[in-house]
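Before any questions on how it binds or moves, here is one chain, the form predicted alone, in structure tokens.
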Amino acid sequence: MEQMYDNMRKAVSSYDSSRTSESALVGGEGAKMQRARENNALICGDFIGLVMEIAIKLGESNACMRRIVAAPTAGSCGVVPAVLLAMEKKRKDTKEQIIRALYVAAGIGGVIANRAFIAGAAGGCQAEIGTASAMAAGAAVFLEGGTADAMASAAALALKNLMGLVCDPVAGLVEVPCVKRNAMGAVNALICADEALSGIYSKIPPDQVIDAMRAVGKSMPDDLKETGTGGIAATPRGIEISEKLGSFS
């Protein structure tokens, strides 16, 4: 876990804004978010801006074939690091504290993987970004000293918020809308962590929320599960991009 933590930090520090993906759909947007944050130009402020910045940078790095840590998947690699590394900077957490939080995140991800799925091809983006958001939410509550019930509830709230999210990558590439969804998943995690820490718990037990996510994923048509043939991938512009790249089928 320490190695994963180190690699998450290296992935952020080695971000290269000059790199673009082979499709040219992704690249440089993490740097745009960083500039806006440093110029105090964000509505959400510095901390949430940093969370979004890290999430986008790592999502881009994945698309640009740079080294990342799948958490739980490559397509959702920006969510957990964005939350934990931003909290580390704000709270001055020790490395040991973040590593312990990563174990909490891993435990939540393991439960979801066992009861449902974590792959977009199996259950839609709710299974990838949704799971990552749940993992990050529980880990954030842990860092803030919340109870086990609060951690589980934060995870359930995060998963409920993203229930039904489809996997619809343009041209079948893990780029659009995947990279920006990492930022959304990270911010959702913090919202749910704050709710749980405030005593606002999920009315539906966490395991039942996971089972519901599984049922929703199974009911999704195949064109909404990473095939690149539904959702925004099937919009006129999405089809145009796909045909240009020679990947649409």
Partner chain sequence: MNILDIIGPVMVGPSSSHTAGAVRIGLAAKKLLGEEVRRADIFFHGSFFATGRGHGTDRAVVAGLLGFMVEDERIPESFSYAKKMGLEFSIKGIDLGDDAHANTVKMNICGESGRRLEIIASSIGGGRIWIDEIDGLTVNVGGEYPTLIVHNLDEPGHVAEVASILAGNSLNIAAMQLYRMGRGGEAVMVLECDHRIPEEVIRRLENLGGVRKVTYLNMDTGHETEEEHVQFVGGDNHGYKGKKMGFLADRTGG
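Given the structure is predicted, the values throughout are model-derived calculations rather than measurements. Numbering follows the first chain given and starts at 1.
As for the form predicted together with its partner chain, it is not shown, yet the points below apply to it.
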| query | finding |
| --- | --- |
| Heavy atom of each of Asn62, Gly109 and Ile118 within 4.5 Å of its partner chain in the predicted bound form | yes |
| Listed residue that, although its partner chain is not shown, lies within 4.5 Å of it in the predicted bound form (heavy atoms), from Val69, Leu224, Val26, Leu190 | Val69 |
| Contact residue in the predicted bound form, from Val141, Ala82, Ile129, Ala105 (heavy atom within 4.5 Å of its partner chain) | Ala105 |
| Its partner chain contact at Ala148 in the predicted bound form, heavy atom, 4.5 Å | no |
| Contact of Met163 with its partner chain in the predicted bound form (heavy atom, 4.5 Å) | no |
| Contact flag, Pro177 vs its partner chain in the predicted bound form, heavy atom cut 4.5 Å | no |
| Close approach of Asn114 to its partner chain in the predicted bound form, 4.5 Å, heavy atom | yes |
| Segment that reaches its partner chain in the predicted bound form - one of 195 to 203, 27 to 35, 210 to 218, 45 to 53, heavy atoms within 4.5 Å | 210 to 218 |
| Those residues of 121 to 142 which, in the predicted bound form, come within 4.5 Å of its partner chain by heavy atom | Ala121, Ala122, Met135 |
